[in-house]
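What follows is a single chain, given as structure tokens, in the form predicted alone.
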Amino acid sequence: MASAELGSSGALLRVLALLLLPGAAPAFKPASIGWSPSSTVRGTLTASDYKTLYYTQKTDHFGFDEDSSFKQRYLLADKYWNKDGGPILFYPGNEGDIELFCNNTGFMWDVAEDFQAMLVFAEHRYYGQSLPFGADSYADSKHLNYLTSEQALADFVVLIRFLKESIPGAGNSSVIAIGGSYGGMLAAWLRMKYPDVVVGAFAASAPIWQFEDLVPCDSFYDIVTNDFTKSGNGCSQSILNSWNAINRVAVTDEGIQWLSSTFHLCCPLQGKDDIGYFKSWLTETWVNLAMVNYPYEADFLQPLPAWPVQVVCKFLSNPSLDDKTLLQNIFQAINVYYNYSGNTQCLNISQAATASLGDKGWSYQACTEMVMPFCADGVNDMFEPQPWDFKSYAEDCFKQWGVTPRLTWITSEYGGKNICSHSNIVFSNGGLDPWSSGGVTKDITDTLVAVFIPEGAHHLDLRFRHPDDPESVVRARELEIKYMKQWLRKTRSSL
């Protein structure tokens, strides 16, 4: 296992892989928590709810030398679609299997009948089943050369054109792009780059400004810390104190063995070189918990209870404990995240989220054009000091992928904060979501609108309606629907 000190760019690449990523021991459960399997108020979608289809895409839309093609998977549901001009709600796929995002974008399913809309979920190239070179797609940087947001947007545009030309009645259908996280970034960029193809975009939790120096690099970890500070006395301080506790315990081989045993690791730590990797995994866990701090049981990244950060913080109320007792409590806390079902045998520190997310592909994207600066100071946040060092970051990228990241490309390609010439985009962000640090949280113009949800975690408003939804997310969805209907009315009146 390679070393990854928390302050290194290697740790940053692991955090970036979230957007904006479990043997031998008997099953275990944390104390003082009533355990029950994850349940969903509204049943999970099944294959019968949509058609699984494939479209042949060019591998390279912008050059003429590479003439190969691949099958892009997309999911289509037309139960409520009005063939006489009903709109198409189009989801530009994220960094993962498209079925994961289809099942976690209940907003589109909830509004389909009202809008009399066709739903389309298009898989992003290099993820899920949409592999341009099959099993060789990740073989080397040459095969990965076509994994870019620009190529993905072109896929979506070509697919939309195909749908409108091949499906009877779809020729006059207006298209609205809807996405969350990276999918939200793509939805916004799809509207910006191809306004003739989509009449508007709803971009939820889309950190389109998490680039260069558009926002402070420490904002992301500040929000994570604030979530834990508000969720329990002593909680964020306990996490802050845990880093030095780990360092002190890991001074000896016996201490490293104790950490492996206490945290029920599937693969024991092999020495001091693994401690940085271990701390990076813990960092990811705290970030993930903040992202999916939903007000009801959910299983987007892992099966979790309602308000999981509050549940976690019950184990972290005393930051002044001795090192080993504090770390035992840290284990109980993260076990809520990894073992809410009660069935996990051991913890795998190579994976912090569902395997349906394409961590490997996103790591490559973060090493090319998706360069998002993050930093922590260990004073105003609960993490070890982690400076932003692009030089070190680029060196790690080259070692891993043989490529050099382009720090300024995304802002050059999509405009950074200079986007006021665009129109018809709703940006929504949640106050609990660390990715809101790079999101649009204030109106730019009367057609580039921000919707802020104080009690919202990562794209909560894109999930299915739920009885336990905070009032702020109910109002947010009403606003989002209002703007979408305005775009459709304006488009129809101009025909």
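The shown structure was predicted, so the numbers you read here are calculated from the model rather than taken from an experiment. Residue numbers here begin at 1 and follow the sequence given.
Only in words, not in the display: the form predicted in complex with a further copy of the same chain, which the text now covers.
- With a further copy of the same chain omitted here, the record of contacts in the predicted bound form names 135 to 143 of 247 to 255, 116 to 124, 135 to 143, 385 to 393, defined by a heavy atom within 4.5 Å.
- The single contact residue among 158, 327, 321, 111, judged by any heavy atom lying within 4.5 Å of a further copy of the same chain in the predicted bound form, is 158.
- When a further copy of the same chain is considered in the predicted bound form, only one residue from 331, 194, 277, 209 comes within 4.5 Å through any heavy atom, namely 194.
- Heavy atoms of every residue among 64, 148 and 421 are located within 4.5 Å of a further copy of the same chain in the predicted bound form.
- Taking the partner from elsewhere, residue 172 is found to have every heavy atom lying beyond 4.5 Å of a further copy of the same chain in the predicted bound form.
- Contact annotation: residue 465 falls outside 4.5 Å of a further copy of the same chain in the predicted bound form, judged by heavy atom distances.
- In the predicted bound form, a further copy of the same chain sits beyond 4.5 Å of every heavy atom of residue 270.
- a further copy of the same chain in the predicted bound form is approached by residue 408, whose closest heavy atom lies within 4.5 angstroms of it.
- Residues of 102 to 126 are not found to place any heavy atom within 4.5 Å of a further copy of the same chain in the predicted bound form.
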